[in-house]
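Before any questions on how it binds or moves, here is one chain, the form predicted alone, in structure tokens.
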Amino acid sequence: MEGVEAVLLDLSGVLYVGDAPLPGAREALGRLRAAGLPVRYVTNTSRSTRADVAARLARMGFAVDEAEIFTAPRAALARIRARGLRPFLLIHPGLRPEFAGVPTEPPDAVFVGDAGEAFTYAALNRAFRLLVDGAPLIAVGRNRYFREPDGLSLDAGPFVAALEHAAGVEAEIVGKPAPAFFHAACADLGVAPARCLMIGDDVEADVLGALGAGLQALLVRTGKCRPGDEGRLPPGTPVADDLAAAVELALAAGSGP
């Protein structure tokens, strides 16, 4: 790493797991702010609105402004409005306020987030029928799983893959690892992608996605990171035990050419 001028941070698995901050994470963010390194929080989390995400972080002691949070559902909402779509929303109940006022009937598109218990047969089958009839499929991402306090849990990706397979379509991904998502966050920071460092616990969505978009990237061994994940990275990709160690590397790289 060299010449780091800004940092993108994943949330779940990097700052916290469940409702508990990871050891040293709050202090690590304090170090970034004290050093004047700007941060954006980029996440495919799709069970809550952006305001709810900010409030949850505040309850855990993270001082994060809502405007600093980039979520895949917000990117999807912008895409849906720009195209004038009426989506069938296969999403978590907690996310529905984010889509208030968006026309949904009759549906001519399908949007899939991490719907949790709302991934019922009836809901998936309705989405399937719309897709077979030609509706586009828009999804937050292809994340396979995430870590909760009691273990790993299925994310939206497996359900997106099931719909793609059944309907013979390909989803339009609006969150990580889509390059446009990373580039939008960099543009908001006013930093070139090559000068921006992505820190995450997901090899595919966070690290490989960022590298593919022209950013620098670092994997932390927390959250969903599993033994052996380092072996899936390009040679020379930095790895750190936790956010505190990652911030040390980022600050050192900030003084590079």
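Source: prediction; values computed, not measured. So that there is no doubt, residue numbering starts at 1 and follows the sequence shown.
Quick note: we don't show the form predicted in complex with a further copy of the same chain, though the next part is all about it.
Not one of A58, F70 and A82 comes within 4.5 Å of a further copy of the same chain in the predicted complex, counting any heavy atom.
At the 4.5 Å threshold, heavy atoms of E105 stay clear of a further copy of the same chain in the predicted complex, well away from it.
In the predicted complex, none of the heavy atoms of R74 sits within 4.5 Å of a heavy atom of a further copy of the same chain. Using a 4.5 angstroms limit between non-hydrogen atoms, E170 is distant from a further copy of the same chain in the predicted complex. Heavy atoms of G157 reach within 4.5 Å of a further copy of the same chain in the predicted complex, making it an interface residue. Of the candidate stretches 171-179, 74-82, 144-152, 93-101, only 144-152 has residues with heavy atoms within 4.5 Å of a further copy of the same chain in the predicted complex. With the partner omitted from this view, the residue of R221, R195, R47, R26 that lies near a further copy of the same chain in the predicted complex is R47 [heavy atom within 4.5 Å]. Residues of 174-208 that come within 4.5 Å of a further copy of the same chain in the predicted complex, judged by any heavy atom, do not exist; none qualify.
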